[in-house]
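Starting off, we have a lone chain in the form predicted on its own, written out as structure tokens.
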Amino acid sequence: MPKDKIFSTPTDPLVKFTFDKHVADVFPDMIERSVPGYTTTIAMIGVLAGQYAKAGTNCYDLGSSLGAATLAMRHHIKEENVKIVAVDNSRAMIEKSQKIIGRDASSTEVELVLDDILNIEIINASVCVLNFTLQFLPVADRQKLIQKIFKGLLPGGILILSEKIVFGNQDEQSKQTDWHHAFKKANGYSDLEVAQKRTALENVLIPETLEQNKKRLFDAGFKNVNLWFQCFNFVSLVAEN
């Protein structure tokens, strides 16, 4: 697995973070060393999809990157005539995920779509996944997307929403940020890499509080919202239609 060295040398000026070919080439290493609990989150997406996916329905992986969540769902879904629609707006990610998924022997159909997730129609869905995706959308567009997902979900369907969050209490926010940076440094990132990536992500990744994320889900119409995972400032929720 190629190592992430994108921010290892001083760069001035830093350009905004983007999911280009350079990121796609090192993405598995980057996300595993940057997002605490990422492997657990992916594994549980598969487990939950296996429980909630219904025969003859669609499952959506919105912001699919290299298809880790798609593959997790594919390996756990046992119902017949289920299609996974994996959507990403990065051509580099879609092209690379096409090769990865092409090597997988599972039988569940996967459709890869190169497009903005805001353009995608959600229909006949039993499972939708936003795995560290919503945080990259403009805040003004987030409710619209969640509302569209809710309307496209069948009764009993679920949305799995994983997000980086911020905390209303500044002392807690400072501690959680320090702990997250310590996690990254323990995984081999230097102070320079941590600082430069943080700068590159400013105004690109815009996190919100857990309460804001829950409120958005309830406002869209979800009847139950459960926090199933948290590690430092990263969480995952299951919202039930």
Ligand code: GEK
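All residue numbers refer to positions in the sequence shown, first residue = 1. None of the values given here were measured: they were computed from a predicted structure.
Below, we refer to the form predicted in complex with this ligand, which is not included among the displayed structures.
Here is the short version: of Val82, Ile160, Met93, Ile122, the single residue with a heavy atom within 4.5 Å of this ligand in the model of the complex is Met93. The stretch from 98-106, 114-122, 150-158, 74-82 that comes within 4.5 Å of this ligand in the model of the complex, counting heavy atoms only, is 114-122. The closest heavy atom approach of Tyr38 to this ligand in the model of the complex falls within 4.5 Å.
In the model of the complex, none of the heavy atoms of Met44 sits within 4.5 Å of a heavy atom of this ligand. In the model of the complex, none of the heavy atoms of Gln143 sits within 4.5 Å of a heavy atom of this ligand. The shortest heavy atom separation between Ala53 and this ligand in the model of the complex exceeds 4.5 Å.
For the three residues Phe27, Ile31 and Leu137, a heavy atom within 4.5 Å of this ligand turns up in the model of the complex in every case. Shown without its partner, the chain has Ser64, Ser65, Ala68, Ala69 in segment 64-78 as residues with a non-hydrogen atom within 4.5 angstroms of this ligand in the model of the complex.
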